[in-house]
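In the form predicted on its own, a lone chain appears below as structure tokens.
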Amino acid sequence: MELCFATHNLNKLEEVKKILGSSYNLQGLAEIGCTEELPETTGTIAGNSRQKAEYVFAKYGAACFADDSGLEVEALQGAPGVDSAFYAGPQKSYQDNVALLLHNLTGVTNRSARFITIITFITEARKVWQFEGILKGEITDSPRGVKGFGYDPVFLPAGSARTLAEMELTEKNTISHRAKAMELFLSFLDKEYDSGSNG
């Protein structure tokens, strides 16, 4: 089955390819000729996810899915949230975002946080579904590990002694917020879409 993942983020693309396996022919935006930045202007994670999927479907006619993710920190009233990628500015620098997060948590004892991913899937029939994945944990005092991307070096999943950046990708893909959303998405594809039950 051929699917388009509506992202320019090569780290996300690699993660999802590992999760999907060989049963799906996954294309990125570059492979369908989309080079422009996708709109993310709704102010919510679910809204941005849908907005990106609808944009790609409308312009390129590809059955596609898009994700939007955010890190929500309890002591920061849910920030950076929908602005996670731009937390420290439009340069979208992982290092700058992490540095600002740690600065804003200086002296804060409540480090509880969660990652959330919303995946939106649009088919040729213009039907839309969304799938949510959540990973709870806490923010460390300093970065640990060199794997992963984004806030992975400072995110310690609940029950783990290692940050996401200290895990191999195969291990991260068994627990991550994106993996959980993808699991629901794949279950849907297996049970509904491939069977043709939704046209």
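Since the structure is predicted, the reported quantities are computational estimates derived from the model, not experimental observations. From 1 onward, residues are counted along the sequence shown.
There is another form of the same protein, the form predicted in complex with inosinic acid; it is not shown, and what comes next is about it.
Taking the partner from elsewhere, every residue among Lys12, Ala85 and Phe149 has a non-hydrogen atom within 4.5 angstroms of inosinic acid in the predicted complex. Segments offered: 26-34, 150-158, 136-144, 55-63. Contacting inosinic acid in the predicted complex at heavy atom distances within 4.5 Å is 150-158. Inosinic acid is not shown here, but in the predicted complex it comes within 4.5 Å of a heavy atom of Arg178. Inosinic acid in the predicted complex is approached by Tyr94, whose closest heavy atom lies within 4.5 angstroms of it. In the predicted complex, at least one heavy atom of Ser69 sits within 4.5 Å of inosinic acid.
Although the partner is absent here, Phe121 sits far enough away that none of its heavy atoms falls within 4.5 Å of inosinic acid in the predicted complex.
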